[in-house]
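Shown next are two forms of a single protein chain, provided one at a time as structure tokens under the names structure 1 and structure 2.
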Structure 1
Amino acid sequence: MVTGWPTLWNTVDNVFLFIIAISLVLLLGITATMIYFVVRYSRKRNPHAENIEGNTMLEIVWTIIPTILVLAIFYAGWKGFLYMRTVPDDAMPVKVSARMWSWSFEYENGRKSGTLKVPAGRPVKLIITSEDVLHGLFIPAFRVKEDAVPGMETYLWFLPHEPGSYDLFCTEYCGVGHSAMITKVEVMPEKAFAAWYEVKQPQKRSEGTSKHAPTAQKEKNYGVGARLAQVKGCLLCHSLDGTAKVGPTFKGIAGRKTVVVTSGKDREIIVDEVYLVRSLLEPQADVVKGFPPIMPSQKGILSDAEIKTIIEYLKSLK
């Protein structure tokens, strides 16, 4: 538990309210002065125009006061910025990968998740990068935002106090699926997070112990494949119920006849394992007719084992 650290949203909100207060005072002052001038110097009161000479003191005042206000706003903003960029020593690091159009979070113990799960009361440092184009990670509840830039790492940190579910989304237009690039920050009680964070090693099954082992393994692979399809963002563009989204539906995809565009020419194919692998690694090679060629290559993103698991999952979707 971090002590002595105010919340980030208090820091941001205080600067915002400070600027709003100054703006309201100026608005009221300028409006009151304008009304006074309209009444005091109306044509009825002053039928003959007069030449008004400059007032040195007034000019000094309206130069000094705005300068002081601007410097005060700069100081408040700079102090808040330094605080936001100074990560506490005990912050929990989480690697964040952005891609069209999903988020992936990886923890120190190797665990990965499509939602950001964090313990309440402990600062969290997000180490952010992008696998394709520019994205923007924004968590409104904690007043933090940082760009995810291809080829470099950026960072931010925040202190989640209260358990709950908070929105996390992309603020940089990154393509047709941009509006769906939304996930959650799940702030969990410390004990609940510790139980989730613990990686449980799969128990080894002795050979020949159960005739149901192949079925159990198949069901396990199906669950892993479904999780991978969710975490890797596949289901943002492909449905499971036959509905066409940005890409063709996964329902009954294996063995289905479809027309693809290859080098500008239409041709009919049967979707098999070879085609599915090529679609993941070289998605522009054979684009399903009627759909935009926007799928990013998964080469270097998915391991061979993950590709195999996802394809087995797709083959099972009848």
Structure 2
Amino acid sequence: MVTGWPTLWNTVDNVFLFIIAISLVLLLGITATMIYFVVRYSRKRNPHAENIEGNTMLEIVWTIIPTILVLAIFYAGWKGFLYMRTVPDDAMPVKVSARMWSWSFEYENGRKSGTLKVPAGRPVKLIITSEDVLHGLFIPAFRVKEDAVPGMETYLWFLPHEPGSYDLFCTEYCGVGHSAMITKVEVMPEKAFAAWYEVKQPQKRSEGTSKHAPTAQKEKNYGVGARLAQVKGCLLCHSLDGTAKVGPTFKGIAGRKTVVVTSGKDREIIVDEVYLVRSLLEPQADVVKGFPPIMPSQKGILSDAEIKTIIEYLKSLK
């Protein structure tokens, strides 16, 4: 048996069913009694009401029984919670960094990826933080969730048993890309995972050597800048094909004449390098007219070198 396997009362689903069962009994009881009284004691059938002010015994009973029930439910939830918060010793640690609007996973040997790859049958501990605002890491299939809080590390763990691909959502509202902040958990057979994990990766921000990822040749064509724009989530709001999404398109951005709003006043500018840098670091300073001022600042998120790379890339988009 693998370590960390849950017992009967540790699983979320069993506690859920336990509460549902209690709730259904109560709900049906209340509703049936109510309907029966309304019909049986309708004004037609029962023209004269009887004033019953109360019944101490009955009231004590229906205070004590619910008290016992809710304490039992509390206990069941607490048991499961203890299990959820006790990480097995052999769990594989993965560092998770959330940002607007993407996930990045870093493994013990320094490998990074945009999808969470884990071996089947071994507990995984996620150590979670955020680079900007609050996010929430949620894997419905494993019944786990914990917020990503900037300046703080939170954790959760789970036991992936069946190989397969599972959804990973963001559940703490984080702005325009919130519902697109989705990735996958790839649970791989142990050998496949080991093969992926051991491959030497020269200084890469993100995964890219599995069979399906772009080849080295393609890599060169797209350039490191394109990859950065993808990984850092820029392309969620800025298109490459000239269509306006949440923000203005990247197509032909350098040298473009555009109207920006600077502290409430319109002015026309030509997009140059200085403007692009300012847009990355202080996006609220000049906002392109017609677009909402919602771009998050990249200060402290992109390094100087990365800013350079991205701007070179933007200039290349004719």
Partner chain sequence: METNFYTYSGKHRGILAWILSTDHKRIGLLYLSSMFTFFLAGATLGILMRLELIAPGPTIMTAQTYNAVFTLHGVIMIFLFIIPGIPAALGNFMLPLQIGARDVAFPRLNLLSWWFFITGGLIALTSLFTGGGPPDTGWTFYVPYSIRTGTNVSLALFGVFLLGLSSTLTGLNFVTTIHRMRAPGMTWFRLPLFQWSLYATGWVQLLATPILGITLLLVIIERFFGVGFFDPAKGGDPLLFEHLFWIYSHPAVYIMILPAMGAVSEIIPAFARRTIFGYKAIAYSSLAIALVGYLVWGHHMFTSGMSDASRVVFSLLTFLVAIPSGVKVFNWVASLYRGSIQTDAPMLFTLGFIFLFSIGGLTGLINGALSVNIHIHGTHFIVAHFHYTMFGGTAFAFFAALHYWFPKMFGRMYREGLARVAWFIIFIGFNTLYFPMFVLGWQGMPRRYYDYLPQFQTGNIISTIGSWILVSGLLLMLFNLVRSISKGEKVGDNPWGATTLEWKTSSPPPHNNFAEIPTVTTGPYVFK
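It should be emphasised that the depicted structure is a prediction, and the values quoted were computed from it without experimental measurement. Sequence positions of structure 1, starting at 1, serve as the residue numbers. The term rigid core refers to the maximal set of C-alpha atoms that superpose within 1.5 Å between the two forms.
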Between the two chains shown, which is the form predicted in complex with its partner chain? 2
Could you check, with the core superposed, whether the Cα atom of Pro189 shifts 2 Å or more between structure 1 and structure 2? no
Spell out whether the Cα of Met84 moves at least 2 Å between structure 1 and structure 2 when the two forms are superposed on their rigid core. no
Ile35 C-alpha shift between structure 1 and structure 2 of 2 Å or more, rigid core reference: yes
State the core-superposed CA shift for Ala49 between structure 1 and structure 2, in Å to one decimal. 2.7
Using a rigid core superposition, the C-alpha offset of Ile269 between structure 1 and structure 2 in Å is 7.7
